[in-house]
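Given as structure tokens, the chain that follows is alone and in the form predicted alone.
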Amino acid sequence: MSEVNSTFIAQESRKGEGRGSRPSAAFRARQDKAARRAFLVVTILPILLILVVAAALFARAWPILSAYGLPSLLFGKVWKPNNGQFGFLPFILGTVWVTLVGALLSVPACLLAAVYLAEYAHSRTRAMTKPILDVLAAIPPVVYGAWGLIAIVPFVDEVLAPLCDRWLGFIPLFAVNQPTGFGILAGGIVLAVMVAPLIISVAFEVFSTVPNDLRHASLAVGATQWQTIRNIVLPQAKPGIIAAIVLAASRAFGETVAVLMVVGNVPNIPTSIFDSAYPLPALIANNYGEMMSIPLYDAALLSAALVLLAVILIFNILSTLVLQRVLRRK
């Protein structure tokens, strides 16, 4: 009798464990709904953060926006806060010039390096290169700025400027108006070196996602390796390449410390890559907290931050639209 009772108790306990380990359908549905809401909140948080930052900057910049108007600030050519002149055009153009020079110097070389690592390099070369790229990407911007100050600025002043003045001086873009070494070219070189690890790493990962079957099929019909890369790999990886360039350009556009150390920080409208410039991030970093006794000076700097935020957002949105159009064509 005791054996029967013990067997019955064991069976009931196993049934209870089975019922406890299987939650009901309603409970699982509630869990799924809660997880969906949690993921939605986490997804919306970055958007809300951007809106909060933009609203805070707009509120602080409103006094100067209402006093001068946005067009006069954006297209004003003179920056003299003591005289009540707050023109952002030299800073906007300086930011654009430095970013374009950095992108033109870095993107072609980085894409070729990524193609080599993904398609030609030995596995040992890849294993050695990846940690080096990670280390370069982790170096603080101030270190790049110091390196640019002691190496790039003298190189531009003593080597590149005389060469361009001798052979390309008749072209306004390469005219050496102020041979000091501090200028757009020095800032562009430093930016190019800074964003190179990012572009190479992202482009390498993009090339690695192209199926090997496509490569093998191209090689099987008699195409060379370069023809396979040009006609198969690059078209397949085009959206990822665009994303890598956009990511690097966004970082270069907002870079502050490394650029302000080598670009000269002179608020003029550049006409040559050897001219000094004054990017918007450098303006905010150099002057915020100083001369706040000047009327509307604080609002002017925060409106510059608002303009920088708006330009970066517009640039990323347009790039996303271009990327989606490329994907639709595929």
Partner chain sequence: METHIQVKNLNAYYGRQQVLRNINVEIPRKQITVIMGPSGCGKTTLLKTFNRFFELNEEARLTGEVLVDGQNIYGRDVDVTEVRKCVGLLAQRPSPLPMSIYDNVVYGMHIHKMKKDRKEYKAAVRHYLEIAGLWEEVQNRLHDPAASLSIGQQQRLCLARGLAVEPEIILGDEPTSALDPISSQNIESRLLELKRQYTTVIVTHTLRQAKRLADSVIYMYMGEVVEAGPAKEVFGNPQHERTKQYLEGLF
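Residue numbers count along the first chain shown, from 1. These figures come from a predicted structure and were not determined experimentally.
Although not depicted, the form predicted together with its partner chain is the subject of the following passage.
Worksheet entry | Listed range touching its partner chain, judged in the model of the complex by heavy atoms within 4.5 Å, from 93-101, 160-168, 253-261, 206-214 | Within 4.5 Å of the partner lies stretch 206-214.
Discussion item. If the cut-off is 4.5 angstroms on heavy atoms, which of these, N177, S72, N231, Q85, is the one near its partner chain in the model of the complex?
Written reply: After the contact test, the surviving option is N231.
Item to complete: May I ask you to choose, among A223, L136, A192, V202, the residue with a heavy atom within 4.5 Å of its partner chain in the model of the complex?
Response: If I apply the 4.5 Å criterion carefully, the residue I get is A223.
Item to complete: Answer with yes or no whether V115 is in contact with its partner chain in the model of the complex, where contact means some heavy atom within 4.5 Å.
Response: Looking in the model of the complex, residue contacts with its partner chain do not include V115, since no heavy atom lies within 4.5 Å.
Worksheet item: Quick one: is T129 in contact with its partner chain in the model of the complex, heavy atoms, 4.5 Å cut-off?
Response: Although its partner chain is absent here, T129 would stay clear of it in the model of the complex, with no heavy atoms inside 4.5 Å.
Item to complete: Report whether the minimum heavy atom distance between L219 and its partner chain in the model of the complex is within 4.5 Å.
Response: Result yes; L219 sits at the interface with its partner chain in the model of the complex.
Item to complete: Report whether the minimum heavy atom distance between A121 and its partner chain in the model of the complex is within 4.5 Å.
Response: It does: once its partner chain is placed as it appears in the model of the complex, A121 has a heavy atom within 4.5 Å of it.
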